[in-house]
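The chain below stands alone, shown as structure tokens; this is the form predicted on its own.
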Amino acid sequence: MQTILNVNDLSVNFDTSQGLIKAVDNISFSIKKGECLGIAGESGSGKTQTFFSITGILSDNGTATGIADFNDVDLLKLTEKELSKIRGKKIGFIFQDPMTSLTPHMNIGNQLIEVSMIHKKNTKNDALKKAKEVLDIVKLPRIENLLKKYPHELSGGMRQRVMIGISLMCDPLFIIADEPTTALDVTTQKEILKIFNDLKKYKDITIALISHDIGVISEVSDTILIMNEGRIIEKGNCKEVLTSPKHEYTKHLLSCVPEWMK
């Protein structure tokens, strides 16, 4: 199976008033085409900064070193202009809080259309057709009506589905989902995770699923990384790692999962 992302010796540092802080400490991993890699760990473990760094969206005081080979292109060597042609087009990003990620003064239709028109140079009509297709994929009802609505008029689960839709507008090879089910009720969580499973199965889309919630990770992921203090402390087949964890930290994370979710 083709490897779509190969990360080697990645480190991420932040220059702060307290000195240099190492958020990610010399980690290596790979993701194969069509699989989901789950990245688990508590807040501050480095899981989000890992993917911010390889897509060029670190804060201004952050620097990344190493190799992040995406389809034979080292993302860490690209200029911002070169990266901007990959982000949103070949790599989709679903951020943690759709309320702050969506533009409040633009209706949903225009936010979807804008992505397609910028990255794929589609006409407005073609972009609108694609917008309706992706909203159908993420199982949103009354699409014509929804396109006219603004983010504040939608529930949290609907906004998250719109964010997934935006990430699909350019038919990406790879989607990074950062805590996509945070603050959603259990039923809505299940529905969102089913969408991810369908994207893997029917669209052959590769996914990196970042979450502090082992229960969420286990629903979708084929392989898993467990991160703590910027390091990968355990990795492998998701089912094997979660049923026979070797590291005490992994066992600690599993002990926090309620019995009914196991």
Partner chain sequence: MIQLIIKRLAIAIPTLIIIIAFVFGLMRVAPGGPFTNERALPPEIEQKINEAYDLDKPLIQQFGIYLSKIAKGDLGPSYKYKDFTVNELILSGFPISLTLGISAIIISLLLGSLLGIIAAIKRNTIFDYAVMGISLIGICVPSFVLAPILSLFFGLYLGFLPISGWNGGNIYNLILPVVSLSLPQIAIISRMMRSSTIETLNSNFIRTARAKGIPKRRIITKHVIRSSILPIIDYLAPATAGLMTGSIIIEQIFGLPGIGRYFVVGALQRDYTLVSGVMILYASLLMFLILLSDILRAILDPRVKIK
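Residue numbers count along the first chain shown, from 1. What you see is a predicted model; the values in this text were computed from it and never measured.
The form predicted in complex with its partner chain exists for this protein as well; it is not shown, and the discussion that follows is about that form.
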Stretch in contact in the predicted bound form with its partner chain, which is absent here, among 67-75, 187-195, 138-146, 160-168 (heavy atoms within 4.5 Å): 160-168
Answer option from Thr79, Thr103, Ser155, Thr123, heavy atom within 4.5 Å of its partner chain in the predicted bound form: Thr103
Non-hydrogen atom contact Ser84 with its partner chain in the predicted bound form at 4.5 angstroms: yes
Any non-hydrogen atom of Pro172 within 4.5 angstroms of its partner chain in the predicted bound form: no
Its partner chain contact in the predicted bound form: Thr181, any heavy atom under 4.5 Å: no
Ile118, heavy atom within 4.5 angstroms of its partner chain in the predicted bound form: yes
Stretch 46-77: residues contacting its partner chain in the predicted bound form, 4.5 Å heavy atom cut-off: Phe52, Gly56, Ile57, Leu58, Asp60
